[in-house]
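As a starting point, one isolated chain is supplied in structure tokens, in the form predicted alone.
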Amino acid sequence: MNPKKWLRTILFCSCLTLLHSCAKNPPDIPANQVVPTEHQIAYQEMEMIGFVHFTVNTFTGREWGYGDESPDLFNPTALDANQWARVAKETGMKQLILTAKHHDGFCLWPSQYTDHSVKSSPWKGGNGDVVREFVNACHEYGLKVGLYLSPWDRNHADYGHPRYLTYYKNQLKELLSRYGEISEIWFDGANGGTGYYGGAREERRIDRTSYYQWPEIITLTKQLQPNSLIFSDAGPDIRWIGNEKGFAGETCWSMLNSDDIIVGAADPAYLNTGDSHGAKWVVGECDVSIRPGWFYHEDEDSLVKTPQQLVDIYYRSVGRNGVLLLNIPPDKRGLFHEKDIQVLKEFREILDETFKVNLAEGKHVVSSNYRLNHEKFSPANMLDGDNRTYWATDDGTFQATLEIDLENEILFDRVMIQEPIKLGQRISEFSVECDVQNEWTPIAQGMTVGHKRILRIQPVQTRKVRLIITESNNIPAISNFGLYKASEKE
């Protein structure tokens, strides 16, 4: 055979083989320009994590220690980090974050760079290490570990001077090199003001735009813990949601333009909604305390949030594309208080009862369009309970309607939608309708979806439901759709 003809034949056969392979297993839809990392996806899938605020403030009744508190005050009588981790595990949390050092500067580990730590306290004769016990307990119960190291230090004499940054970085190195894998590092924006400062007892202000050398601190953190996610107003991985109520915005994009955000001086409204044109994926984290304060105070034992209040917060955080960070502060014993535990358990029971059965799973669904008419993109994928499969449209189709036949009339009052966020966040406007006496009636509407969107509606009984996607920044895709009936305890 002529060599040229032979080469053309080979190329033709190869093309046929490739086309046949693509037809059998077409590639995923093109991803958006801004997508999350695998670690960010895993983080968002945790949905609910816990905060543990514990330091000398627990024993003084303060929220922010001044920095002159004696280490002698720190003496929990029955500290049990295993109890913290066990309760967190039992109530659905996947990670705990500990305040290794709050603004008062007292360190819950025996830092070699200061005596203002547990090594100078009477607890365990100065031989204790709360961070170590916390990390071990998290590992015992299969929880990921997070640590909070306050940039502000109202105890340290050098705070406000450049040399304090060496101290801060040294402590960060201790925490990130001694205790194994740390999944999240938490930096906040409460920086500068009055303090003890080694006896100076004065007010010190800093230039938040440059003092902390955040690029260097972030680089150091990633060098020591490459898989760790960093929280701050500006991320780079996780962002503050803009309030301490645990509420994400009704519109909540995971994207953000974070380069110009100043930690401690960000626009809360911008953080709350994110940015549809944001250049970076920065997960929204919704922090809130189970009590009025972040630290335990005995006079707040009667003011613990109710299970129903926590459920409401869940809908406004996880149900709006956020991650719920719920603080449970140990008491003076070093234990989660019985009242807090009871509320957490009832909260978990309500969620489990509400979302136990997806009334739409496995039902028949048709769509106005699905990509290539291929089963990989079939609308049935969004009712199979599998996050890895999804429905999507053909190129150039940015609007679509999906109609679900529930076979029988079903009563529900919760609607859940999820996007396959590995491909980006796409939907920017949608509505849900149901068939009431042969007439399509709107029951809910929204803007963004993201990892999870949960809509609370008035109870409705119907056989047919349809989801209408009216606007998206790319061809839309949905991995899961659910209908639920809320627990009577809500």
Ligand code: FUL
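Don't overthink the numbering: it's just position in the shown sequence, from 1. On a predicted model such as this, the values are computed, not experimentally measured, just so you know.
Omitted from view is the form predicted in complex with the named molecule, to which the following refers.
Proximity to the named molecule in the model of the complex, taken as a non-hydrogen atom within 4.5 angstroms, holds for one residue of D129, D331, E419, D188, which is D188. This chain lacks the partner; the member of F59, Y43, F51, F430 within 4.5 angstroms of the named molecule in the model of the complex by a non-hydrogen atom is F51. With the named molecule left out of view, the stretch that reaches within 4.5 Å of it through heavy atoms in the model of the complex is, among 353-361, 257-265, 406-414, 180-188, 180-188. Taking non-hydrogen atoms only, H102 approaches the named molecule to within 4.5 angstroms in the model of the complex. Contact check for E140: every heavy atom lies farther than 4.5 Å from the named molecule in the model of the complex. With a 4.5 Å cutoff on heavy atoms, D287 counts as touching the named molecule in the model of the complex. Although the partner is absent from this view, Y196 stays clear of the named molecule in the model of the complex, with no non-hydrogen atom inside 4.5 angstroms. Shown here without the named molecule, the chain has only Y148 in 148-173 lying with a heavy atom within 4.5 Å of that partner in the model of the complex.
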